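For reference, the chain that follows is the form predicted alone, supplied as structure tokens.
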Amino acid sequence: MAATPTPSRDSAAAALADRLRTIVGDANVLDDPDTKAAFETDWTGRFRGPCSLVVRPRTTAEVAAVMAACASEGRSVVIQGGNTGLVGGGVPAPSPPEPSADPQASAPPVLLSTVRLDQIGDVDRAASQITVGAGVSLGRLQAAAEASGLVFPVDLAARDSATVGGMIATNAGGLHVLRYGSMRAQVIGVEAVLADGTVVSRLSGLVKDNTGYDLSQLLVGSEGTLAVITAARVRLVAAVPERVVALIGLRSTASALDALDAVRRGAEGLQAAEIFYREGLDLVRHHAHLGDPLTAEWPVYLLVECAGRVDPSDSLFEVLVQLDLPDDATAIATDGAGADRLWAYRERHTEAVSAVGIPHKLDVTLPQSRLADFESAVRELVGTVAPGSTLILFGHIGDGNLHVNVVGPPPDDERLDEAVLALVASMDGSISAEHGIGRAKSQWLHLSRSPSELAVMRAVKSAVDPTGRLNPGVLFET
């Protein structure tokens, strides 16, 4: 008896595409190479890989049907939100150098875009909560909250493109972790679809629900390896309309930490504390055509923001007086436009770095007592491992999070990444503060997680996605 011929990769992909079109409509299955290209490369330009097609479901039911169809065909699925990630977690892996003998096993994955899951529910003012689709941008969520006199407390520079689902999947942090916590602290419940199409949903908004494992929190930070998040119930907080922002020029990271300690102790309503350095400021000024924010140049800049229902300016002014800073070392803004101008020097770092070239972006956390030592050590290390490269440091000094950006080494040269992350681990830090592990750091996850922790994490992954078809190569090495 003749063997049944194995369908070719092309015919299998065509059959799956036709099946998906019946679920989401012709316009939402994209297989044109030029159209797919925008989904196949990450925001930094460093990570890219092919997908067989892009599918854009509109509802949780459509996501469930898409996942069931892909599971029946043995097809891997990569999940992508606003594609603002910085560790390659939302784009496919590069093509293997030698394809597998099994056409299905070596077929590029389906890329599931969540951007059409963009429904916004009504604000529940009694509970200070709202339910939104995973594809809703942070900016739209913030606007919906503000229209009801409330605030969604997480804020990022990429607020107009980052999506709620992606922020939950990576446990995004941002500018106000110091006061409100990361994305994990905002999530009350989620709705999600497992690899086989099963829907799990906890959107009731109950703050107290002590009935076993908290599956919603399990999905926070899972980077798309356990389920496709389709909707979320998140908390909102009271607005704090009065704010003051101060930009302070200082001599060193150590002096910035001392100044921050004084602000923590003496100022009211501290909600952001950022650090950057002269070389980064010069890069931003050149890129954005901005003037110098202070009348003198300083090696280090500390930006702090305090906010409250009543004006917190007086308490911050008192701290600055006690610090006895030179007149040319501070700029203060108490109006919205002035505050935004000062924030631009920090928030535009990311785009300015990317304008220079494809960066190696290493988002790390250090104990605050080690930040100053790390700053000097990483400068020396980069000079040794990647001489002639451009190093730009900035980050959230209030929670020990620094972003190490290096432009110069080729995108696929990982020697610098390995050296910097090993330095972080040697100083009791974490190799990822808020961007996740993605593909960029999966081979170094052991630097921050013990063998027993990794074993438990893999066991959870195997239990929920036994065939390993959700975001393969993200978080865990394949």
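The first residue of the sequence shown is number 1, and the count goes up from there. Bear in mind the structure is a predicted one, so any value in this text is a computation, not a measurement.
Below, we turn to the form predicted in complex with D-malate, even though it does not appear here.
Note on contacts: among 441, 435, 46, 56, the single residue with a heavy atom within 4.5 Å of D-malate in the predicted complex is 435. Here is the short version: of 394, 301, 345, 374, the single residue with a heavy atom within 4.5 Å of D-malate in the predicted complex is 394. Taking the partner from the other structure, D-malate in the predicted complex has a heavy atom within 4.5 Å of a heavy atom of residue 86. For the chain shown alone, residue 361 is a contact residue for D-malate in the predicted complex, at least one non-hydrogen atom being within 4.5 angstroms. The closest heavy atom approach of residue 350 to D-malate in the predicted complex falls within 4.5 Å. Although the partner is absent here, residue 202 sits far enough away that none of its heavy atoms falls within 4.5 Å of D-malate in the predicted complex. Partner contacts here mean any heavy atom within 4.5 Å of D-malate in the predicted complex, and among 427 to 435, 32 to 40, 412 to 420, 441 to 449 they occur only in 427 to 435.
Residues of 171 to 193 include none with a non-hydrogen atom no more than 4.5 angstroms from D-malate in the predicted complex.
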